[in-house]
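In the block that follows, a single chain appears as structure tokens, in the form predicted alone.
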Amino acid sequence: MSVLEVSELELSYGGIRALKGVSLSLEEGQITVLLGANGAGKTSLLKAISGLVKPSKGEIKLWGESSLGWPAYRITSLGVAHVPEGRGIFAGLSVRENLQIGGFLAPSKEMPARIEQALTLFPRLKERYSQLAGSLSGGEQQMLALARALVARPRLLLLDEPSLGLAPIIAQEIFRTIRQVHQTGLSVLVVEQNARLALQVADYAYVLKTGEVETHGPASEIRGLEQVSKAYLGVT
């Protein structure tokens, strides 16, 4: 079953065309990675899917239902969680309060169990439960952003550059957790500059170039493409 279907999507900011007829699909329980240079349209695509920006043309379907033009809160209520680039945590609130915000749509009686489950995935957050989010390290803030999204128990998780600015060992830890939650059946669409790391955990990959899909295929095949190896894997 297709969780997400994007067809011929176009999006502009003023006179700049960020997306030029992008099409992709994501199957249930799949991890799909979006690769591409800065300005390729990756973040714009995630924002369009989650209802933060409105495309000028094309179609977006979530679980077979058109979501084009829906407000972000309606898409969230359907089971889509978006962890933006830069994490988007509430720096002036505690770890506990950030996690509670993640579950604002959840029944109140479920909140303790949901938060405890998230803290089990990220034990460091449990140690800093009452600490202000803004005082956490960059890696801990990324953990918090991911944990907050998981408290919502999404069906589709959108991740924008989860390893950005992190030490390699922390980035690997983040991706291990992504793989772990994916094994519960969660579908994941991830934008990532660290192509080597992302392609190790992904099932399928799309490469965007200046707002268009340059190539796509199983992650194992994309790793072997010469243009991908040179541009994103550091292979010459």
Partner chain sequence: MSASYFIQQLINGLAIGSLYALVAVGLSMVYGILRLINFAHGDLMMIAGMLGATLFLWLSKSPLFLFVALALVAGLLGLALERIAYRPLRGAPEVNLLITSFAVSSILQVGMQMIFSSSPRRFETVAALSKLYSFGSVQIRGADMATFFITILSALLLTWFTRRTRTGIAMRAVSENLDTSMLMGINPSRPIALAFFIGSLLAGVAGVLWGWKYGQVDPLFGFLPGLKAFVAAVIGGIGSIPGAFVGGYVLGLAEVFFVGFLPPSFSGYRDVFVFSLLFIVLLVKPQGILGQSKGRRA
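Residue numbers count along the first chain shown, from 1. These numbers come from a predicted model, not from an experiment.
Missing here is the form predicted together with its partner chain; even so, the following discussion is about that form.
Although the partner is absent here, Arg155 lies well away from its partner chain in the predicted complex, with no heavy atom inside 4.5 Å. Remark: Leu52 counts among the residues lining its partner chain in the predicted complex, judged by a heavy atom distance of 4.5 Å or less. Looking at Arg124, you'd find every heavy atom of it more than 4.5 angstroms from its partner chain in the predicted complex. Although the partner is absent here, Gly138 sits far enough away that none of its heavy atoms falls within 4.5 Å of its partner chain in the predicted complex.
Along 76-92, residues Thr76, His82, Pro84, Gly88, Ile89, Phe90, Ala91, Gly92 each place a heavy atom within 4.5 Å of its partner chain in the predicted complex.
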